[in-house]
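So this first bit is one chain, no partners, the form predicted alone, shown in structure tokens.
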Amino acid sequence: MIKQAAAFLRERDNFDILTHDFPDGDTLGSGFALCIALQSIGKKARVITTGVPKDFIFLQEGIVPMSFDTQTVVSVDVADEKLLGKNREAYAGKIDLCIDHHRTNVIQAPLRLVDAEAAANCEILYYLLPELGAELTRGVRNNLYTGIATDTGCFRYTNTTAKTLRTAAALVELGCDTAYINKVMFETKTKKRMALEREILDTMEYCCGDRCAIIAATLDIQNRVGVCDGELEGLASIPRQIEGVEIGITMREKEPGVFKVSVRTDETRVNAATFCSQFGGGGHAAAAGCTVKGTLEQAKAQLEKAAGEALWTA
């Protein structure tokens, strides 16, 4: 399928590359790496995203801004058109090539390159871009490493495989800026982010015999602390760090009464993707997401009930 996808990309031009809403390192790394690669072989390409958090601005290095009439639409790290956010209306039903690593992918594109065994979507891109005939330049390497490192929690999560480590090692050997990327992604926090975490920890609640922990970043907290979208990334890892917690749930209020929910599990007892599917979401066995509506207490009650059922049957 990689050869077919590469042949398709070589034949086409004028690419719009779609990332998912609330973009993270993997969707942005995939999008910008593919954009740089396509431009390097003489194609016109641009990344269509709902925003680039401050910490990921460096990923755009080497991209030439372009204006053109769209001919080809490619989605990267997008499991469902619903995840396109404000771009959904413009691109629904128009995706020509879907490149993804989610087992729950439901995008009906003419050409699909979906590898659910890949720890990150950027892992797929690492093998696709040379087949395309593109050089793995410094910008491409940094994008790919960022996507792989962030989607594996710097290689700590259960999705990390031997192939993942070999891919990352190859990028290091090629000269990606590993130390800089790791510092920015995993060791640097703004004062606002620290204040946010303090507030978030105060919302921590346990249920199901302390086997489930829930935290909530309400609009009130976000506004009081004054954080931007980029400073909200990475909160999902907090509740699963607690000893004895099997389901970690992070609620982020997007607008009044609408919560973006991130679920983290150890996947051996509770499948996060299955858990989120009952709310119309999906993802991976150990990390998934969905949207729940209602007041904070109503949304929390729905999640606690689902957690209890999941743990009871586990």
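Just so you know, these numbers come straight off a predicted model, no measurement behind them. Start at 1 and count along the sequence shown; that's the residue number.
Only in words, not in the display: the form predicted in complex with another copy of the chain, which the text now covers.
The partner is not drawn, yet in the model of the complex one stretch among 72-80, 105-113, 120-128, 160-168 has residues with heavy atoms inside 4.5 Å of another copy of the chain: 160-168. In the model of the complex, another copy of the chain lies within 4.5 Å of some heavy atom of K54. Using a 4.5 angstroms threshold between heavy atoms, E135 stays clear of another copy of the chain in the model of the complex. Although the partner is absent here, I221 is not a contact residue: none of its heavy atoms lies within 4.5 angstroms of another copy of the chain in the model of the complex.
Taking the partner from the other structure, another copy of the chain in the model of the complex has no heavy atom within 4.5 Å of any heavy atom of E233. Between another copy of the chain and the residues C208, A216, I238, L97, the one pair within 4.5 Å by heavy atoms in the model of the complex involves I238. Shown here without another copy of the chain, the chain has F186, E187, T188, K189, T190, K191, M194, E197, R198, L201, D202, M204, Y206, D210 in 185-219 lying with a heavy atom within 4.5 Å of that partner in the model of the complex.
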